[in-house]
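To begin, one chain is listed below as structure tokens, in the form predicted on its own.
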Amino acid sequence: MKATTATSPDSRVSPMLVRLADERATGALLRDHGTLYLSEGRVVHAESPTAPGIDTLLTTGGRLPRDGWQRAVDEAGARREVGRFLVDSGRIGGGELEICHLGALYDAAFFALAPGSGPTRFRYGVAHWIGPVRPVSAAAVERETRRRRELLDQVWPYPAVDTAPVTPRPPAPGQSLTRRQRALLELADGVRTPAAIAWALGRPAFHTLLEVRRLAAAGLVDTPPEPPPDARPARPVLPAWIGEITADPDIALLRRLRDALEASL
């Protein structure tokens, strides 16, 4: 018999979301960092001021003209059928809309369900104007949110970089950048945060945040000091990759070591 691992209540991202899903509730789950919309217990849409919405992902990316989006909202927003209008009018294919909508949903849900994002409230009966596109289960939203949190910590476990202005550092000799990293760093002016860069690029905020953490781990952006913890350990816990240092360490690795030590001390 295949073994299964149950999710304990303490590990749930949002116990209230789980309860509403069990109740097959319809309405809006409101938190300080965003809103999740439910229909019969399934998540049908999500919004967050941190994450670019589906309109920005479609229009800034050049897939849909801004006036085309606005017409869809004007024509079908009151009926809560904007998604259907976009497909029926031939402005976008159904599959492409689903993919973009799911990306926006999971992106906004990640920030809306962030730890310490304030009290949770639920308004029964509220529906979003985009209308049904592709609902997902609350369990899937929780699972994806946990996966993203773990991925960020694996890449660079110091979250102060998430909300700080992004200031680039020159690459070390021989250090290369991907096309996506170059586009991000072109907007890194020491003023824009990762979220602001995501909005300017028309990309999901989580993916931009993940790229910024990768750049921090590579020593390619400034890393702000972490706030002091309530209880400091007697000795700092050094990252596992410290063992990579050899008699001839490279500059990027030294930067990572310095930043990790500063965050730990």
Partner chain sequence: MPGIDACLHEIMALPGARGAAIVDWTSGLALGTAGESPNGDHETTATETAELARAAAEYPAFARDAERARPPAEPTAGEAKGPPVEDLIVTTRTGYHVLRFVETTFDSSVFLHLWLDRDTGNLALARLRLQQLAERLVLA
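Numbering follows the first chain given and starts at 1. The structure presented is a predicted model; accordingly, all values stated were derived computationally and were not measured.
Not on display, but discussed next: the form predicted in complex with its partner chain.
Colleague: Taking its partner chain as it sits in the predicted bound form, is E98 near enough to touch it, meaning that at least one heavy atom pair lies within 4.5 angstroms?
Modeller: Close contact exists here: in the predicted bound form, E98 approaches its partner chain to within 4.5 Å, heavy atoms only.
Colleague: Please tell me whether any heavy atom belonging to R31 falls inside 4.5 Å of a heavy atom of its partner chain, as the geometry stands in the predicted bound form.
Modeller: The answer is no: R31 has no heavy atom within 4.5 Å of its partner chain.
Colleague: Residue-level question: is I92 within 4.5 Å of its partner chain in the predicted bound form, judged on heavy atoms?
Modeller: Taking the distances in the predicted bound form, the answer for I92 is yes, it comes within 4.5 Å of its partner chain.
Colleague: Does R148 make contact with its partner chain in the predicted bound form, using a 4.5 Å heavy atom cut-off?
Modeller: Looking in the predicted bound form, residue contacts with its partner chain include R148, since a heavy atom lies within 4.5 Å.
Colleague: Only one of R134, R192, R169, R71 gets a heavy atom within 4.5 Å of its partner chain in the predicted bound form. Which one?
Modeller: The residue from R134, R192, R169, R71 that makes the contact is R134.
Colleague: Within 4.5 Å of its partner chain in the predicted bound form, heavy atoms considered, which of A205, L201, L38, V221?
Modeller: Here the answer is residue option L201.
Colleague: Report the stretch among 158-166, 138-146, 74-82, 121-129 that approaches its partner chain in the predicted bound form to within 4.5 Å, counting heavy atoms only.
Modeller: Correct option: 138-146.
Colleague: In the predicted bound form, does each of H45, E47 and L152 have a heavy atom within 4.5 Å of its partner chain?
Modeller: Per the other structure, none of H45, E47 and L152 touch its partner chain.
Colleague: At 4.5 Å, heavy atom to heavy atom, what parts of 51-67 sit next to its partner chain in the predicted bound form? List them in sequence order, or say none.
Modeller: Going through 51-67 in order - heavy atoms within 4.5 Å of its partner chain in the predicted bound form - the hits are L57, L58, G61, R63.
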